[in-house]
Structures are given as structure tokens and as C-alpha cells.
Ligand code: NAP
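In the block that follows, a single chain appears as C-alpha cells, in the form predicted on its own.
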């Protein structure tokens, strides 16, 4: 009697069309697995809109967390997230709860799917940092009319994701890693990401490594997408360019993705919940089916993953079962398109087949084990390397409708003996002591106070006393210490400073 290889998987059907594509994917996996001596122990769990409606503001109930902690693997349909209001994204919550720091989104040419780049051999992977950056969701209304978001980039987080990208390239037999950033504008956050990428590139000498500004990446992807192999980017930029990449090969209906942490992996389609199509059995399930092949490879079922992926490719290539998004791109009658369940039926019937017009999954290089390189430099070691921090000033954000010249005169008088007012800026541009030629007031200013004495290390008492004095002139809403490590300033200059 043959013993089945069993895998416990948390299945989160999701919102909108999620249950339909999740069921289609489950049917394909169960059919393929049965023929391969594999079985899945599915643990169905909730997350998203229905959970919010029950009053759980996390969107991820304890039972779902417990299931993922047991199985360590989740296959997830799309979750609905309110736009511009309401609760935090349950998608982001799941990623953060389990520290799935690496989001991986392949974009590969598909047969039978009309695109502008047909035949160019697009085969790239976008590796997106998944838990830092603006997706930390730290926002404040500084005034009623001025909002702020905090962009958090750490050396640890950057090294983890960029090293992941290099080692993914080695595992998959790829040759080139492009680090993408906006370091020309965001000198510290994106600049740190760029620096870590360049440092790590020296460790992976067998791979070609380069850096591109993110807007140039977008430009080059449209101009010549086949030049890219592995692209690694910060969270927001990675989110945007991975959607761009999916558009090159057919759209979000084909966009698979995986979220990897050190202990848990979550697999999902990139597309949303599309509530207007819910219950109509019309959505293309390819994205989640392809995501499930990434799950199979994670579980060590590489042969089974190839069988499922090749069945999808063969189905698309045959052109007899086309989802509505493909039919629409071809200018056909969407009423005649294959249903969600019908496409799953077609893939099941194609199990064992391979495509002939594009490389079969089974023909690609087999994943190889890569011995992980040493992890990141600890914060304590970096502190010793560059020297301890000195506090040399204070950036004080305050609310005022006063003219910059009037405000500058008042704040200068409050600076005290240890500090001097260096400048006042609005929206990153100096408005005092040198007035900007054009100034559109927002009611929020940043006043920069610096120590008068060179080499000073200002105590908190001095800074808090200054803030108390300023509060008598205008309400302050935010404080930032200005620090120097060795000779390295830990703050940027304003435009015109």
C-alpha cells in the first residue's frame, strides 16, 4: 500500500470572487495530487471583510492565526480592503503577523494570451520587501489639512530582502539581480537600500548586479522587458512595478505571488476581490492556480508543481478554454468565455500535458539548494563601526498661519543660548531666512534649531525646554532629534538650505 505524502495547508477563501477562485484552485490541486500520491489536509479559515463585519478590527481572527502557526503554509484568496477609510488591510496584517518579509511575483510570457510583447521571452521575478516602507501605515494628520506618512527603511530589512533576491537567483539558475530605488531623492531611506544592494552584490560574484532608479526601471520594463531577470525593490515601489510586470504578460488575472518569512509562507493571487463579479463564476482563476504551484515548490513537491503549471500553460495554449479577460483582450464575445469552474475543469483535463510554444515548467532549471550567506550586521556592531550618536539639534514641526518672516523672528528670539534657528521650511523648501520665490502656505512649518557650539551633544532637557518655549508662540505637532554618527549627519537638508 502506497503511503500518501500529506501536507497541512491553511486555506483562506477570501472575499468577493475569492471563494470561487479558491475552490477552482483546490479542485486542481486535489486532482493533480491524487495522481501523484500526495494529499492536502485543508484547514479552512477566515480573514478580511466578513471578519471586520463581526467587529474584529484586525481582520485576522485568532483561529486563523492559530491555523497558520500550525500549518506554516497558507493559500489565500483576495481580501477586501477599504480604500481611503476604515480598517487596516488584512493582507498587510497577515504579512506583518508572520513577518513574511519577501514578496515574490514572477512575470513570464504565457501561451495563448495576447500581449504587445509576444515572443520577446519575458521571464522576470519581482522581489518586493514586504513589511517596511510606507506599508508600516504610520500616518498622522499634522494639521487638519496636512497629512504625514512615515517611511521606514532599516538596514536589517534591506539586507534580508536583497539577500533573498540574490539567493533566489542562485536557486533558480538566474543570472542578474537589479536593485531598484529612488535614492536620487530619498537619500537616507532609499539610499540605504541602494547601499545595501551594492554591498551585497560584492558577495555574489557569480551574478551580474546593477542598480537602477525606479522610474527608469518602469521605463525600461515597457521599452525592453526581456532585459530583466530578478528585480528587488522597496515595498511601495515593488508593489507598483510588479503590477506593471503583470501587465506585460497579460494582466492581474495571471499574476501569482508568494510571501515568504523565516517560518511561514503565504501564497495568493495579486488581483483584488472584484466584488461586482462575486458569485458570477466568471473570474479567471489562473493567478491563484499559478500561486499554488509556488506553494507546491515551497513544500518540496517540485514535480507536482511542474505538472500543474504545465497543465495551465497547455490549457491556455490550446485556446479552447479562455477566461473572460483573455477573450476581452482578443476582442471576442465575453459571454462565450470559459467560466471559473470551467477553466478549472479544463486544467484538470490537461494534467500530464505540456506546452509547445513556450518553455515547459518541467524543462526549466530545477531549484538547487543554496547555502545561506551570513545574515545582516547587527545594530550594535554598526554603532561600534560608525561611532556613537551625538544630538546636535532639533527639527520642530509646528502649526502656524503666520508669514515666514514673522515666524522666523519669533522663533529666533526663543532659541536660547545653546541653540540657533538655522532655517524654516514648508513642504521641504526653505522659506526663512531666504524667502522662496513662490510660497503656497499649508499651515505646517518645520523649524530647524542647531547647537551653537561645535561638537555639542545636547541633552533632552535643552530640547524639551525649547519645545515648551515654542508652544507659547505656535502649537508644535512633532519633534525630531538631529543626530550625528561620527562625522555622518543623520538628517537631510531642505531644498535651498
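Positions refer to the first chain, counted from 1. In this text, all values refer to a predicted model and were calculated from it rather than measured experimentally.
There is another form of this protein, the form predicted together with the named molecule, and it is not shown here; the text below is about that form.
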Option from 110-118, 311-319, 278-286, 148-156 whose residues, in the model of the complex, bring a heavy atom within 4.5 Å of the named molecule: 278-286
is_contact(residue 180, the named molecule) in the model of the complex, heavy atom dist at most 4.5 Å: no
Contact of residue 200 with the named molecule in the model of the complex (heavy atom, 4.5 Å): no
Though only this chain appears here, would residue 235 touch the named molecule in the model of the complex if you measure heavy atom gaps against 4.5 Å? no
Just checking whether residue 272 would be counted as a contact of the named molecule in the model of the complex - the rule being heavy atoms within 4.5 angstroms. yes
Checked 253, 225, 106, 355 for heavy atoms within 4.5 Å of the named molecule in the model of the complex; positive is 253
Would you kindly say which of 167, 229, 325, 345 lies with a heavy atom within 4.5 Å of the named molecule in the model of the complex? 325
